[in-house]
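The chain that follows stands alone, in the form predicted alone, written as structure tokens.
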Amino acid sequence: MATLVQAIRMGLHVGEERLGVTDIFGEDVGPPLGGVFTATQGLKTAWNSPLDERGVIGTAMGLALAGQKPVCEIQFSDYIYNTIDLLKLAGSMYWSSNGDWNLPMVCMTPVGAGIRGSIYHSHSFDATATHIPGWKIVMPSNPLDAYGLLLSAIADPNPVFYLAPKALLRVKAGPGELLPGEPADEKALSKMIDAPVGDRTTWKPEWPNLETLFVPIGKAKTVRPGKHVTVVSYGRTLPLSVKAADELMAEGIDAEVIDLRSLHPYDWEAIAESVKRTNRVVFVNEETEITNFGEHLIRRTVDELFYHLHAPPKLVAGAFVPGIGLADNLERASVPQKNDIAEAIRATALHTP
């Protein structure tokens, strides 16, 4: 069973072999490291860029406009903010050219807390990404979606942000979530595609015979059916939401959990259908709470579903602090934990109109 980062690596390999990827690049992306999280080990088109985030984004834009299909990586999303003007240009290319110019580039970047990354390696980027029109935005929470969403991102003719939750990169696939074509034995897979420690000069991966799988961008997935309250999440907080919902069953609270998977376009139909049945909703993510993407979803819920609601919509999000501390207690206090989510679900489910 692949981990999420192994699924990304295999998706990039399929992108090289079948979907026309010409360049996979960024800081430490090429040999010998193969990415700070090992997402690009063994890929034939992977190369190392200078330590220059604006150079990475600008080069990807130039390659895409020249007819290539690049996948660039910003090593941590904390360092993407000095490229915002370029990201706005990339997002506007198709629109401003009246459809004459596509920009087929994928920008991968690890996001969020959970690895004790402190103030320089723990930022989320999802809310900022949704403020840049013209980009599609995906964030997987499991290896199978990581693989399928990446292939869809690569196949898209215009720019896509691929946000990888750092805390989930080593999470393994669950039962029935094998990538199509991967060996079921995780040790066998590791021997095939994980670079050895030490000298890698002669190492080459043995890629499994993977099938192409496209997870549609803009399509959510109900990962836990329920009837008392809807919980909408994505990325790191998605499995926490599922665990919280499972534990609340002992209290007679049956929560439905939706994995949004795509932040733009997003699956409003799935959210609305669920809220009309449960009449209550909690939105969960780890981005800071002010101008949070969940606030947009609450606004739309109130606008369009007001008369279906039996309780105020609730947002569980990160604290509005400048950064996340290194100490475990500071990190846990800065972003939602399972108990925070459970408390919000309980309060919403038990609210009396």
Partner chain sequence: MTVSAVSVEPKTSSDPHLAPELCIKLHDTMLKTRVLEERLITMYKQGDGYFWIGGPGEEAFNVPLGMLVHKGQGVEHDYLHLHYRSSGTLLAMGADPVDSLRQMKNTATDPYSGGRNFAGHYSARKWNVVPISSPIEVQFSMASGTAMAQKRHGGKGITIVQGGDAGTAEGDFATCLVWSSRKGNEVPVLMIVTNNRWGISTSYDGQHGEKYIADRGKAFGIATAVVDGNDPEVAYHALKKAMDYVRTERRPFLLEASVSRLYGHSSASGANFNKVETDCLARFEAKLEERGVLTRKAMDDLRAKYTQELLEATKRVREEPQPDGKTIYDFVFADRNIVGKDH
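Please read all numbers here as calculations on a predicted model, not as lab measurements. Residue numbers count along the first chain shown, from 1.
This next part talks about the form predicted in complex with the partner chain, which is not shown.
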Can you tell me whether A344 touches the partner chain? I mean in the model of the complex, with a 4.5 angstroms heavy atom cut-off. no
Is the gap between P157 and the partner chain in the model of the complex 4.5 Å or less for some heavy atom pair? yes
Contact with the partner chain in the model of the complex for Q75, defined as at least one heavy atom pair within 4.5 Å: yes or no? yes
Partner contact for G226 in the model of the complex: the partner chain, 4.5 angstroms, heavy atom: no
If we take heavy atoms and a 4.5 Å cut-off, which stretch out of 253-261, 67-75, 179-187, 139-147 is in contact with the partner chain in the model of the complex? 67-75
Taking Y162, N209 and W268 together, does each of them reach the partner chain in the model of the complex with some heavy atom inside 4.5 Å? no
Who in 315-353 is close to the partner chain in the model of the complex, meaning a heavy atom within 4.5 Å? A319, V321, P322, I324, G325, L326, A327, D328, N329, L330, A333, S334
